[in-house]
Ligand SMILES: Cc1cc2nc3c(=O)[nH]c(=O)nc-3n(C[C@H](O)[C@H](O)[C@H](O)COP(=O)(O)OP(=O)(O)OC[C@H]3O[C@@H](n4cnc5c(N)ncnc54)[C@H](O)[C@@H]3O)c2cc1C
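In the form predicted alone, a lone chain appears below as structure tokens.
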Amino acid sequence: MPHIVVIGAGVTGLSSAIALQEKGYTVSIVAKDLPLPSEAIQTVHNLINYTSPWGGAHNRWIPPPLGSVREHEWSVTTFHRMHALSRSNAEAGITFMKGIEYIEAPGPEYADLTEQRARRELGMPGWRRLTKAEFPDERVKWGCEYDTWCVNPMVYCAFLLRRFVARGGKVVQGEVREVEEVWAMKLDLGKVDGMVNATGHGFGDKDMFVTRGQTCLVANTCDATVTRQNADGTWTFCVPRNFEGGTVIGGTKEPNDWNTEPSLEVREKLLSMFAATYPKILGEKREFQVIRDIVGRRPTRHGGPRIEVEETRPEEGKVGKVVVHAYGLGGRGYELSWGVAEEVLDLVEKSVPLQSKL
């Protein structure tokens, strides 16, 4: 069978590796960082770029025209795969619950989101427009709820890695600095027929930039994912992790900010803003139980994610090299993961067909 090497063990790399494996490819993962076992791990600065374990891993519907048609289709595909996994594998760390949206300054595009269009045309189950009486305060002008999912990323990524290995996948821990390194590796991987670049940041892509985000992980549980877009462009949100993983309260979006240190002032602002929006998260104690502050760098790309094949022409006496790029998803890695993985599989199949190597 053709041998495909996936670079990167974040949620995009793990999902793509499994999709290829399920189709019949021989797959290896080469990655500097692998899933972590617990939120209690005190990460050092060289782990800040491995964002998957620390993300607010959930699905927030962003249908067209609010977002792109392509990304919405990926999110629908991911929704159905997550639903199937939650039913077949309780240990995967997936929870289905309600998602709640509050918007202070909605644009005209929100008027198009009727229940019929959202549910039937856009495939968003359980979508419902909220009434004014359901808003947390008078500043909110528009709101909705829908069925969605969230994951405990450390449980989920570890589950994906275990599944991949149990089904015959090979994992090599090591840093890849250039795509060309993989073609020359002698790590018992065998001949490499194709590669998937799921590094998050790409290799020298000038359109890539980091978006710093600070969130706070609390032990409090919450019964919904809640997102509020404030009139000044800032956000307040929560993403429950469940499976004893607490809840992520966020957050900031700071393009091209490389600062690794969390701000106590920012933490207090995030917590107070969310408590005002959704006070029931405070529970009987009427306070947050802080576990830790989280600072991460979301790998973001001007023009959107890069999901495409790059195939070099074969030199004389050699075989052409096929690289499928799958990176630059910003903060939407989890919610688009299985849709991206299916597109990666489609691109690999067209460039490295299974039957051509039999």
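Please read these numbers as outputs of a predicted model, since none were measured by experiment. Residue positions are given as counts along the sequence shown, with the first one as 1.
Separately, the form predicted together with the named molecule exists; it is not shown, and the next lines address it.
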Tell me which of 266-274, 133-141, 104-112, 167-175 has residues with heavy atoms within 4.5 angstroms of the named molecule in the predicted complex?
-> 167-175
Name the residue from W235, F209, F203, Y146 that puts a heavy atom within 4.5 Å of the named molecule in the predicted complex.
-> F203
Site check P2, S28 and V348: each within 4.5 Å of the named molecule in the predicted complex by heavy atom | no
Spell out, yes or no, whether the shortest heavy atom distance between G331 and the named molecule in the predicted complex is within 4.5 Å.
-> yes
Is H325 close to the named molecule in the predicted complex, meaning a heavy atom pair under 4.5 Å apart or at it?
-> no
Touches the named molecule in the predicted complex: T247 (any heavy atom, 4.5 Å) = no
Contact label in the predicted complex: I7 to the named molecule, heavy atom within 4.5 Å | yes
Contact check, 203-220 vs the named molecule in the predicted complex, heavy atom within 4.5 Å, ordered by sequence, gives F203, G213, T215
